[in-house]
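Read the single chain below, which is given as structure tokens and is the form predicted alone.
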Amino acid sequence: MQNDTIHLDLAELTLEGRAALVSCGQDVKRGQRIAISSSPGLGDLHSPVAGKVEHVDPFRIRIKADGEGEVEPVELNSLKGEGLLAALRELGADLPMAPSLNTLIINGVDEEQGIGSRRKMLASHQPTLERGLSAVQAIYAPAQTVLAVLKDSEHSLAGTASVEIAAKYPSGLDPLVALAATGKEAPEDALVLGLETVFQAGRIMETGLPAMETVVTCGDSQFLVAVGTPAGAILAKSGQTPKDRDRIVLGGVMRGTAASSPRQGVSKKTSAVMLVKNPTPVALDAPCVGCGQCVQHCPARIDPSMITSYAEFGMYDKAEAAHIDSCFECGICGYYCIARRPMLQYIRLAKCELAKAKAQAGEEVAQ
């Protein structure tokens, strides 16, 4: 794995539902907490550079790297259980609450073809992963820990059993990995953690500093980069230059999102930065033609055509009744849609609006 040699003049960090703790013009140290999370499974956000906050809005924080100083390391070795979980979440690890856990599943399979970040972590960062694994085992105290790897893989982690996953999309997505590991769909006593989350925990335990790095695939290489590194800088490091009408995708081509500009920074969840050359329209403002292709190919066995139609017209309660929560956002429905409808985008929109409605209802009850 190539190490981070990308100099950061400007870091742009996506809030992803977190609340900003800083304001424009404020000086920050490297490692300072700049946003707090109230979402389960989402850690707090920290500045990867020392500098001055240049921009804050509900979606992002931009920091110009022109300062000095770093936060003091934190001692975590004496913590365990809920105390360790709270500390790691505050330091940026994306760890959820999971009571009554029987099986801890570490997903070491890259979610899409063309991404090799998890494979490279297994090959190049074994000590960090094992330190992180010890930490998450101390938190969740599972009866068994399973590592999911590609079929015929030589990689393993001490203290885990292995389950082999076929190299066929979408077999590497968390719900299908859980099914392969436990024989059950959506097991209530199992938790799936992506390998990058174990890596985050390991880096925090090793350094005592917040999680400020992520492993990103770009082209044929994997880079260890600071969170907030502009996508354009990572593309340049891999020898790629976007041109007019090209699209920069954060993540894989099936489940990723288009970057608003080459300046947009990668998040802790960004597994890849991909450059799609002069793409044809990937989605059109077209009605469903009722071909049924999305229903036939949906691995969750729901009706994407009906759910996305509900979402299109703001009928989110009906989308929920049609089991939108069972969708694990593989993007296959959009791939097979002959009308080229934005299927995955409609689903994500409906999920977001439903989450907002539930949060608002909770606030009203609390009042």
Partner chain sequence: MRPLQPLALTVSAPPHRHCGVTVRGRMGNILLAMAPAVVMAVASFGVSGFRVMAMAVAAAILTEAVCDKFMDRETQIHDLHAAVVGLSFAFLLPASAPWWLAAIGSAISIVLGKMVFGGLGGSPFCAPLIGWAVCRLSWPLFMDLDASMLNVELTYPLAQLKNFGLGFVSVTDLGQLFMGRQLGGLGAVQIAGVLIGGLYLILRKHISWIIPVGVIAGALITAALFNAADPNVYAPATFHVLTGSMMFGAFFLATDGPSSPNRRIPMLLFGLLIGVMIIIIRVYGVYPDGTPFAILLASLFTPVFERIRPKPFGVR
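Residue numbers count along the first chain shown, from 1. These numbers come from a predicted model, not from an experiment.
Same protein, other form: the form predicted in complex with the partner chain, not shown, and the subject of what follows.
task = Could you tell me which stretch in 298-306, 52-60, 65-73, 22-30 has residues with non-hydrogen atoms within 4.5 Å of the partner chain in the predicted bound form?
result = Among the listed stretches, the partner-contacting one is 298-306.
- Considering the partner chain in the predicted bound form, which of 239, 127, 290, 99 comes within 4.5 Å of it through any heavy atom? Partner contact (heavy atom, 4.5 Å) among the options: 290.
* To do: With the partner chain left out of view, choose which of 260, 221, 137, 207 has a non-hydrogen atom within 4.5 angstroms of it in the predicted bound form.
  => None of the others qualify; the residue that does is 260.
- Task: Check whether residue 83 has any heavy atom within 4.5 Å of a heavy atom of the partner chain in the predicted bound form, and answer yes or no.
- Result: Because no heavy atom of residue 83 falls inside 4.5 Å of the partner chain in the predicted bound form, the answer is no.
Open item on the list: Can you work out whether residue 188 and the partner chain are in contact in the predicted bound form, taking contact to mean some heavy atom pair no more than 4.5 Å apart?
Closed with: Contact with the partner chain, yes.
- Query: With a 4.5 Å heavy atom cut-off, would you call residue 280 a contact of the partner chain in the predicted bound form?
  - Reply: Contact check for residue 280: yes, within 4.5 Å of the partner chain in the predicted bound form.
Would you classify residue 176 as touching the partner chain in the predicted bound form, given a 4.5 Å non-hydrogen atom cut-off?
Within the cut-off, so yes.
Point to revise | Heavy atom within 4.5 Å of the partner chain in the predicted bound form - qualifying residues of 231-248 | key: Counting only heavy atoms within 4.5 Å of the partner chain in the predicted bound form, the contacting residues of 231-248 are 242, 243, 244, 245, 246, 247, 248.
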